[in-house]
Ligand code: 3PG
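Next up: just one chain, as structure tokens, the form predicted on its own.
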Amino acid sequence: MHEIFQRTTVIPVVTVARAADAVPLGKALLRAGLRLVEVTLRTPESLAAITAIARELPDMVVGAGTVLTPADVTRAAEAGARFLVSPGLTQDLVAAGLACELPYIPGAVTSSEIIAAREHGFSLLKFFPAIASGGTEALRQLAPVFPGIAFCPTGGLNDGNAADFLELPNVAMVGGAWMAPADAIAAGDWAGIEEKARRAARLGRG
């Protein structure tokens, strides 16, 4: 976990409709200085996109997001994902995530969910949907209640508010699609994505 996420402040969370777009997208993100990418399992070609990035871009760390079932865990690992992210947690999903031995970040928003995640040994959690769940104020209030728990908020973050989240002591990194939205990927706007990603790469670095 530490080896993959050290010095990471921003993770692009991308939805890829065509596997052929995966490598050009990855190259644009790498040129901008973002070496991690989370490919959501929301399209029929998402697993193929993960495989393409894992095979052709060895300098990029590709993970799978929107992991919802134990079967998703298995398929993502077989596709070449190097980390897994879920928007929530269940007993079966947590068991599968822990058993696969890949770095796994389950989602938790409420105090009960955070306590359950902590009981399973997790100290880094996805906070989704971040803005709809109270944003920075919610995370600020959770900090003294759950020392030692860090979050990766996603959902509603953008170029204008991501830095506010990164200022919080219990936020390790943020995730979002603002630098690589699905319509820009579909249009092949690699230059535009690279420009936005370059700005994102500077967030949280002084």
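In this text, all values refer to a predicted model and were calculated from it rather than measured experimentally. The first residue of the shown sequence is 1; numbering continues from there.
Unshown form predicted together with 3-phosphoglyceric acid (3PG); subsequent notes refer to it.
Although the partner is absent here, Gly155 lies within 4.5 Å of 3-phosphoglyceric acid (3PG) in the predicted complex, judged by heavy atoms. Interface membership of Val13, defined by any non-hydrogen atom within 4.5 Å of 3-phosphoglyceric acid (3PG) in the predicted complex, is confirmed.
In the predicted complex, 3-phosphoglyceric acid (3PG) sits within 4.5 Å of a heavy atom of Arg42. Using a 4.5 angstroms threshold between heavy atoms, Phe128 counts as touching 3-phosphoglyceric acid (3PG) in the predicted complex. Shown alone, this chain has one stretch from 173-181, 138-146, 27-35, 46-54 that lies within 4.5 Å of 3-phosphoglyceric acid (3PG) in the predicted complex by heavy atoms: 173-181. Using a 4.5 Å cut-off on any heavy atom, none of the residues of 46-64 reaches 3-phosphoglyceric acid (3PG) in the predicted complex.
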